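Coming up is one lone chain in structure tokens, specifically the form predicted on its own.
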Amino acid sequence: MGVTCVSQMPVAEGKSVQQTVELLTRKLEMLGAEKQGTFCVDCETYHTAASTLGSQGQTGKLMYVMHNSEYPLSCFALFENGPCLIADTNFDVLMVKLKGFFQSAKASKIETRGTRYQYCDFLVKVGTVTMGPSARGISVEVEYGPCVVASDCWSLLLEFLQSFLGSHTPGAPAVFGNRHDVVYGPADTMVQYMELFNKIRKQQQVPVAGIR
């Protein structure tokens, strides 16, 4: 894999989530991008079981168990501001056995699904983020395949993002600052999705117009 940027695209004024996704994918197709199948990234939140906390008012930790269709044999477990564990898919079974230590948060499942597009050396994924039956937002992932060091290709990634996101082009992901000259890996992409999902969860506390 190459270097990847994950960002949120705001819903266009007067449009629904699906209509905004269609506008984005139309722009990509006009640029000459070709459809290359579909993708899915999901995330479920676990919190530290109350029985494991001390009596001094300790706050529990959150753990995010995630899957990415690009890595069908892997499962990612992330702590907020902490390490990322990459395990095989049996990790989901292990979480059931660890319910005395980590418990699944109710209605915490969030995922993004959509279409993959190939444009020259760029792989673009535009997805609809859902929680339960409702569309909550739009994710945009762009990967530049030939490079594995963020500092060597961010300007090129930025230029391509501007070509179809315009004024909604994101800044450099926070994870780039920590690993600017280090080889980029799948865990860095999953950290970006975790941050995106948490941002969208927080936005749901305020009603958003135009989303159905």
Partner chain sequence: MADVINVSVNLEAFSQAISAIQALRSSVSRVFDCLKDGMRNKETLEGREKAFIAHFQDNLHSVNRDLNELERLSNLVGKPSENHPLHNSGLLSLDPVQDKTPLYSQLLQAYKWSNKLQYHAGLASGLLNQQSLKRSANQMGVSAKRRPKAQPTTLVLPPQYVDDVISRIDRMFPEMSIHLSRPNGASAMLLVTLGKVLKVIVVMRSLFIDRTIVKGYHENVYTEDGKLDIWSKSNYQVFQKVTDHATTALLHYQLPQMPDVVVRSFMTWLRSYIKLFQAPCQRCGKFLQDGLPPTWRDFRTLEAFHDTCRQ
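All values reported here derive from a predicted model rather than from experimental measurement. Positions refer to the first chain, counted from 1.
As for the form predicted together with its partner chain, it is not shown, yet the points below apply to it.
Inset, instruction - Would you check, heavy atoms only and a 4.5 Å threshold, whether Ala174 touches its partner chain in the model of the complex? - result: Ala174: no contact with its partner chain in the model of the complex.
Legend entry - Contact label in the model of the complex: Asp181 to its partner chain, heavy atom within 4.5 Å: Yes, Asp181 lies within 4.5 Å of its partner chain in the model of the complex.
Legend entry - Partner contact for Asp121 in the model of the complex: its partner chain, 4.5 angstroms, heavy atom: Contact check for Asp121: yes, within 4.5 Å of its partner chain in the model of the complex.
Legend entry - Residue contact check: Ala187 to its partner chain in the model of the complex, 4.5 Å heavy atom: Residue-level check for Ala187: no, no contact with its partner chain.
Inset, instruction - Quick one: find which of 65-73, 143-151, 37-45, 22-30 has residues within 4.5 Å of its partner chain in the model of the complex by heavy atom distance. - result: Looking at the other structure, the answer is 143-151.
Inset, instruction - Could you list which residues of 1-36 come within 4.5 Å of its partner chain in the model of the complex, counting heavy atoms only? - result: If the 4.5 Å heavy-atom criterion is applied to its partner chain in the model of the complex, 1-36 yields only Met1.
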